[in-house]
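Next up is one chain by itself, shown in structure tokens, the form predicted on its own.
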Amino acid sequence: MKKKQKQLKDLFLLDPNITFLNHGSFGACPKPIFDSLVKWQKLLEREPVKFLAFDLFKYLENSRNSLSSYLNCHKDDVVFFPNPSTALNTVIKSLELNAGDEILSTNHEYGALDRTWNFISKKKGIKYINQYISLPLKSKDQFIEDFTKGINDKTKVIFISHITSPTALIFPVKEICDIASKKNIITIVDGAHAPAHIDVNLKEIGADFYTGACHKWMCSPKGVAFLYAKKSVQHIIDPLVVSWGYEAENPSHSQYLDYLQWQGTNDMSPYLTIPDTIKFLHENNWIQIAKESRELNIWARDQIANQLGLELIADENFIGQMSSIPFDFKDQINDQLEFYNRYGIQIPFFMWNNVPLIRLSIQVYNDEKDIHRLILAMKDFMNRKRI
């Protein structure tokens, strides 16, 4: 392990007895960023009324300013949420949809959001379509051809992941947003895995709505996500929880901010760590870290596939720091727990469209030894299941 990599690994609070190959689920927070969280929590507890009633919104503005610069958007077009699911529920439940309208998505979406759309579909009589994307995925043209077959006159919204959760694939969301814009279709991008994993330039992507997690690949404390909305669609948004920002006594310049920034008493200290989080990423050249982690991931998935005789589901151009690989198991929860308890490796199992997958995540604290350990464990696990 390189000296710089070792120094960064030592900053993470992870259990040294566990081989952690699951950064993608909830991230992992380095000590300097965690210290920033504690700093803000202590400031809150020192004078809670002053902090929450008088100072909080200027602190939030400072965080939004840092985040918007990082994502290339305006600070008043982005607001904080505890997770992408809550942010997307806010958008989805605000949409004016009528019976017969169609929502076009893919068959690779995050299960919680599939459930959200199914809930809305039953309420409003709309149709949620999980368009089939053929695998192995080899080109953007292949993806776009598969996906756009689902567009018709009833399509009102396109909902698509930037990086998929179960299959760990990077989708060409800019191209899809361009197509949708020409057809006056609203675009909602689930970018939970994207920030600090790949470049996210919101002006270039052109989505109407975009959400991302900061607590995943940006390594912020848990419970930090954001919602971006173009100014042209911000008036659509209703508050998920109606609070003081609705019909505000002292409204700000933005109804969008008024509705969403205060929805009841909550510890917003994690949101306020974002300037320190981004500073940490810049100081440690995280663009290079992500590049090197991706290279290790590509090498790792090739080694796993070659040594275990497994098929890859996509060309490496669709892969970042995560890879999902078909892996034979029978019981997702129990087999994952058995794998963890037997081998001391934290890695998720997914049952996706009846295809069992294991998803590998690579972060700065991982190295080739972790991959060799994983391969030995996978071989042993497969042999045990054959007995």
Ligand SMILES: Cc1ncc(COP(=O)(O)O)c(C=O)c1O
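Bear in mind that the values here come from a model prediction, so they are computed numbers and not experimental data. One rule holds for the numbers: they count along the sequence shown, beginning at 1.
In what follows, reference is made to the form predicted in complex with this ligand, a form of this protein that is not presented.
None of the heavy atoms of residue 126 is located within 4.5 Å of this ligand in the predicted bound form.
This ligand in the predicted bound form comes within 4.5 Å of no heavy atom belonging to residue 269.
Using a 4.5 angstroms limit between non-hydrogen atoms, residue 147 is distant from this ligand in the predicted bound form.
In the predicted bound form, this ligand lies within 4.5 Å of some heavy atom of residue 192. Here the chain stands alone, but in the predicted bound form its contact with this ligand, taken as any heavy atom within 4.5 Å, falls in 155 to 163 among 254 to 262, 155 to 163, 234 to 242, 99 to 107. Among the residues 83, 121, 131, 284, the one placing a heavy atom within 4.5 Å of this ligand in the predicted bound form is 83. This chain is drawn without this ligand; in the predicted bound form, the residue among 113, 137, 95, 278 with a heavy atom within 4.5 Å of it is 113.
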